[in-house]
Ligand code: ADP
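Okay, here we've got a single chain as structure tokens, the form predicted on its own, with questions on binding and movement later.
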Amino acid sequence: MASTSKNSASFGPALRLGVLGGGQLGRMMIQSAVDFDARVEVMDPSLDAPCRYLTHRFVHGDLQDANAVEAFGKGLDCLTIEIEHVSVEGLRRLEKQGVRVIPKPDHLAIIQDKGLQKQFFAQHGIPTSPFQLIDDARQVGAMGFPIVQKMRKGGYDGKGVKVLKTADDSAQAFEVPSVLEEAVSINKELSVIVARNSAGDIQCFPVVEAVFDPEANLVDYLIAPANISLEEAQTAERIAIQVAECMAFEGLLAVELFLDNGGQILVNEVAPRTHNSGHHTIEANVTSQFEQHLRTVLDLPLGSTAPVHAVGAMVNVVGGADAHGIPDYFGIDVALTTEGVHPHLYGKSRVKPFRKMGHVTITGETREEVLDRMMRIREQLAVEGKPAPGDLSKAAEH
């Protein structure tokens, strides 16, 4: 297979592909990289990262340390990420040394900072909720209430976000530079995953509809295609493409959207990597989001995003509210014996409350069929914690 780009990366057993981050997204990326016979090397701050024993080389290091990132990436053919909280400076140094870095460091610099993200949307006429940037908690009342406060840097999986409904909630506000957003009257939460390669070719996956767990502030489940009108779906895709093209983005971009109660579609935020809202594509689409991401990194032609089943869905498998210790999974046997259902466990050695431990995909030919299966399986799925053998002996001493 040959790329249409002049800067095509050769691939095969000689190709060294580096990944910053060794969590579940990197783990699933490795599964796709095997098909391209690429040698994957991973750096992660945790010695117990899910990717550790699946990679040709594992480096224990700080992803936000420019020197550590540069040292890891030297000599690699390509470098990508599975988490955006990495050193942009380290990536810029590697790019100057000839390493192909996807996504581009300049794009990461914008996306890492939710304030810069919102300013980018405003500057390019991309629909988003009204916002204001603040330096500290004393300014949280600047827009009135209700508002959503987001830390400009460091948030993920619902962390770094607070909903402040009245002035009385100001005491809970973050004390760091933040974005204040006017609270949106949300009808549906949507997502579009769009890929763009160096030639400017673009492919979108069908629009996804996500339902959030209010306690965990994480996606509970999702279904594709979203239950919206054709016009709304076309608008969502057009906006996602607009974001990618205005940024001249290269890679895979997850564009999270709100459909408000007035029928307007607004960009919430974006992630420059594979995303929770695209996990169903492993079984539901011709090309998974992980393979598509790798195609952009290796500068290969984009794959088809056409569905192979009329409907695809996903349920996140997360730790229970009081779960600590060695993971103890429940309901996986039900998933394994149900038609059109496929579990994916992330290989995490410890469970914590609401920690993502895996997901289950569900495929079928009608929305009703898939929703029915999903809801039945969702009721069975759980992850609790049990003590390690050493913990049991220590408990006995007391």
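Start at 1 and count along the sequence shown; that's the residue number. This structure is a prediction, so every number in the text was calculated from the model and none was measured.
This protein has a second form, the form predicted in complex with the ligand, left out of what is shown; the following refers to that one.
The partner is absent here; in the predicted bound form, the one residue of His107, Arg295, Lys150, Arg196 having a heavy atom within 4.5 Å of the ligand is Lys150. Out of the listed residues Val176, Ala310, Ile186, Ile326, Ile186 is the one that sits within 4.5 Å of the ligand in the predicted bound form by at least one heavy atom. Lys159 belongs to the set of residues with a heavy atom inside 4.5 Å of the ligand in the predicted bound form. Within this chain, Phe120 is remote from the site of the ligand in the predicted bound form, having no heavy atom within 4.5 Å. Of the heavy atoms in Ser129, some are within 4.5 Å of the ligand in the predicted bound form. Taking the partner from elsewhere, Asn268 is found to have a heavy atom lying within 4.5 Å of the ligand in the predicted bound form. Residues placing heavy atoms within 4.5 Å of the ligand in the predicted bound form fall in a single listed stretch, namely 250-258, out of 74-82, 89-97, 234-242, 250-258.
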